[in-house]
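Quick heads-up: it's one chain on its own, the form predicted on its own, in structure tokens.
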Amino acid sequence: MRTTDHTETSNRVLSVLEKRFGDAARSLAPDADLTDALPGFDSLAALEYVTAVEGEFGIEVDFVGDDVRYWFSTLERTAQYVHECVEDQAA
């Protein structure tokens, strides 16, 4: 798998959110809490978000070992988590 820069990762994560939440996601601040900022971002939407991110980047999220509620709570944190996973896979 090729490496990605952080901006590209952030843009791809945002694209995942845009597919589900449209305009509401486009205006997200990188550090905005997704539960507060996106109407309908409930536990099911969060699970779908994690699954969609896994598919987009070809990664597998460790629901037991990683603090998924923390890492997938904002766009910025998700991008950081994904970027590190992708870099680890490339190493």
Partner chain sequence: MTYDMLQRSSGVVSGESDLWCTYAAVRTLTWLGRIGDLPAPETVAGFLSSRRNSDGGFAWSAGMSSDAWATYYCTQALADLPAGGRGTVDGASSAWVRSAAHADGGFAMTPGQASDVWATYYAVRTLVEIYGERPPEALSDWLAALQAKDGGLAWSPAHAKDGTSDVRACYYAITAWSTATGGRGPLPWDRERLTNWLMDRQSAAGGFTFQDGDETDCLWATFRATSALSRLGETPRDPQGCAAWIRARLTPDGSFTRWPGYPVPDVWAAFCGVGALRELGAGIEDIADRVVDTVLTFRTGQGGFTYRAPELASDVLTTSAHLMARRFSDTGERDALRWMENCMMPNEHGIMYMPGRGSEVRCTLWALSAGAFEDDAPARARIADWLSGAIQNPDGGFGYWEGRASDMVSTSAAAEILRKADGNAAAARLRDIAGYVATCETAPGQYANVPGGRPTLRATLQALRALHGAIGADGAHVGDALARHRVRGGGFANEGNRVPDLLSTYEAVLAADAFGLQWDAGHLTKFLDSVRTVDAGFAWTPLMATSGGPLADCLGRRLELRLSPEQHALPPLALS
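Numbering follows the first chain given and starts at 1. The model shown is predicted, which means the values in this text are computed figures rather than measured ones.
Form predicted in complex with the partner chain: not shown, discussed below.
Put simply, Ala29 is far from the partner chain in the predicted bound form: not one heavy atom of it is within 4.5 Å. Although the partner is absent here, Ala37 is not a contact residue: none of its heavy atoms lies within 4.5 angstroms of the partner chain in the predicted bound form. Interface residue remark: Phe41 is counted as part of the site for the partner chain in the predicted bound form, having a heavy atom within 4.5 Å. Contact annotation: Glu56 falls outside 4.5 Å of the partner chain in the predicted bound form, judged by heavy atom distances. Using a 4.5 Å heavy atom cutoff, none of Val13, Phe21 and Asp23 lies near the partner chain in the predicted bound form. Contacts of stretch 63-86 with the partner chain in the predicted bound form, defined by any heavy atom lying within 4.5 Å, are made by Phe63, Val64, Val68, Arg69, listed in sequence order.
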